[in-house]
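This document starts with one chain, in the form predicted alone, laid out as structure tokens.
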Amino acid sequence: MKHRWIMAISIGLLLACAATSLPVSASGARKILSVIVDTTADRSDEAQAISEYLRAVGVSAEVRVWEWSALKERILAGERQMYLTDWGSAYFDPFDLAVPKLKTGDRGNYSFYSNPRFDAALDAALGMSSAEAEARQRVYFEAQDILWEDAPWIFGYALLETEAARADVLDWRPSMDSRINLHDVGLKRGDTIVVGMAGDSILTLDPAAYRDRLTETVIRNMFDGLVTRTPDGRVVPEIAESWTALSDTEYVLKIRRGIKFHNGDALTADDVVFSFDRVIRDGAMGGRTSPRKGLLGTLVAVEKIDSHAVRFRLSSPFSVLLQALVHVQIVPKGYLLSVGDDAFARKPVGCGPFKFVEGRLDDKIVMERFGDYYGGSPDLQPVGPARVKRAIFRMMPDPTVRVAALKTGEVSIIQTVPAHLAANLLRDRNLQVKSAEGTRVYCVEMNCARPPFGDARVRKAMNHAIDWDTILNTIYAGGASRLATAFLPSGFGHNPDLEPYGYDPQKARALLAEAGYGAR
């Protein structure tokens, strides 16, 4: 196991802090605050560290390890108090992080937090046009101030996206959104790249049927969208040649000519309209609704203008429309209608740099270079067919297995290298290790809808009780950065001047006492 937490952070010091008497609350009551810190196995060391810090300020804290699906079920039922969770944003904007995680009643709001002022700030920001960037940033700053003052979570950190590759892999670097784009990657020797994936399975090969980053990496090597993102998150044209905003709610996109699907069909506006309709319209996937629908915000219709131009209509301004377009890949209308949704997912056809050969979702996916590829985004060099003949994505959920396979040359690139393993790889001259700023928030959520965490004083005390800097340096070897709220530095509107809660056990004990809780 990686470094057990019963070590460098002095237990003697923790016990000394825990023994410090707490002030008596105004009512004279001296209740003992008891909590269970719920976690999954991969973050159990962190949960143990957090519980030690809570005990040090007089809280009776225990850790319980769960399988995630079982824990999530109990969280959503409102039965759990405090839980370590994380959330990856598909946008470089709060639209896919602060909104689902903290807006009242939204789909990812496991803390049951509700603040009308915060909701109003998010609504105001998202209702602005892309031209109102300065005003939108001011509103996001206001939203962060509200979050900081309310402390609905124990605000945590963002991890670096650290990956590794063999030294003979050329022009490879991690992306902030975790995608591995093999079109641009070459090899000094050989013609096949094998990627060790950080999971035991992907969900599907249908680009409209998932919300999962591992699945996205595989799919986006076979399918292209109207636009794509550079490794640092900038949106650039791909299938689209250009776009024009006719108003805040109407856009026209021109489609590049000469693009072919893997089956030889020419890509036209009909395929674009059909691909977006599958995502926007309820029940459009053989009676199922696409799980990607929520990524498209206020987009309500895509209409054909001519064979190579389409019109996008919004119900209201949506400042991150171009980012939204990244999340829909174009499929061949004729082929999909002829074989049906299920058969299409088994034998997918896209227009990306690689075409599907064979594979199983829980084993490996094999692709080969598409010789008639139109070249991809002109903003991402090199333009043209993929540089290698074959790409294989292998499921390898155990990081130690991935690392061993990389060292022996069994795989070319591996995802998600833990910090304690990365240090060893850096010393191997046959390997290269690179990192990118991550787009996932790690935190401890508290059930804000019931005692004791319905009281903001208790929530603030929890934030002041934990020495995150020591935890991150000890467990994650410094490969993480503190967060002041749920807003990521990589996203639009982040306030770099808002400081994270400081480690202050004395203040934590005082806030607990004010809320009526005493020492154990």
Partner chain sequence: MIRLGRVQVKVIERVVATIPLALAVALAAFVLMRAIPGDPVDIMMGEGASSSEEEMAALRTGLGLDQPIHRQLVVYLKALLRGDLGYSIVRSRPVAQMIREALPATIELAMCAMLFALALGIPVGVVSALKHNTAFDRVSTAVSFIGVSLPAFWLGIVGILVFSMTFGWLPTSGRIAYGMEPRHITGLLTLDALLTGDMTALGNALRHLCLPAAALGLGVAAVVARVTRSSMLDVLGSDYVLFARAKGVPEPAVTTRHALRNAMIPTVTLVGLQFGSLLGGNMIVETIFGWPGLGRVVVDAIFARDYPVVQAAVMVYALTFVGVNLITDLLYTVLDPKMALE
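Please read these numbers as outputs of a predicted model, since none were measured by experiment. Numbering follows the first chain given and starts at 1.
Absent from the display: the form predicted together with its partner chain. The rest refers to it.
Heavy atoms of Glu79 never reach within 4.5 Å of its partner chain in the model of the complex, leaving it off the interface. Contact annotation: Thr408 falls within 4.5 Å of its partner chain in the model of the complex, judged by heavy atom distances. Among residues of the shown chain, Asp86 is one whose heavy atoms approach its partner chain to within 4.5 Å in the model of the complex.
Using a 4.5 angstroms threshold between heavy atoms, Asp398 counts as touching its partner chain in the model of the complex. Proximity to its partner chain in the model of the complex, defined as a heavy atom within 4.5 Å, holds among Phe344, Phe312, Phe95, Phe276 only for Phe95.
Checked against its partner chain in the model of the complex, the candidates Lys355, Arg387, Arg390, His327 yield a single residue with a heavy atom inside 4.5 Å, and that residue is Arg390. Judged by heavy atoms within 4.5 Å of its partner chain in the model of the complex, the contact stretch among the candidates 257 to 265, 174 to 182, 138 to 146, 362 to 370 is 362 to 370.
Contact with its partner chain in the model of the complex, defined as a heavy atom within 4.5 Å, is made by all three of Val99, Arg288 and Ala404. Interface residues of 62 to 84, taken as those with a heavy atom within 4.5 Å of its partner chain in the model of the complex (partner not displayed): Glu67, Ser69, Ala70, Lys72, Glu73, Arg74, in sequence order.
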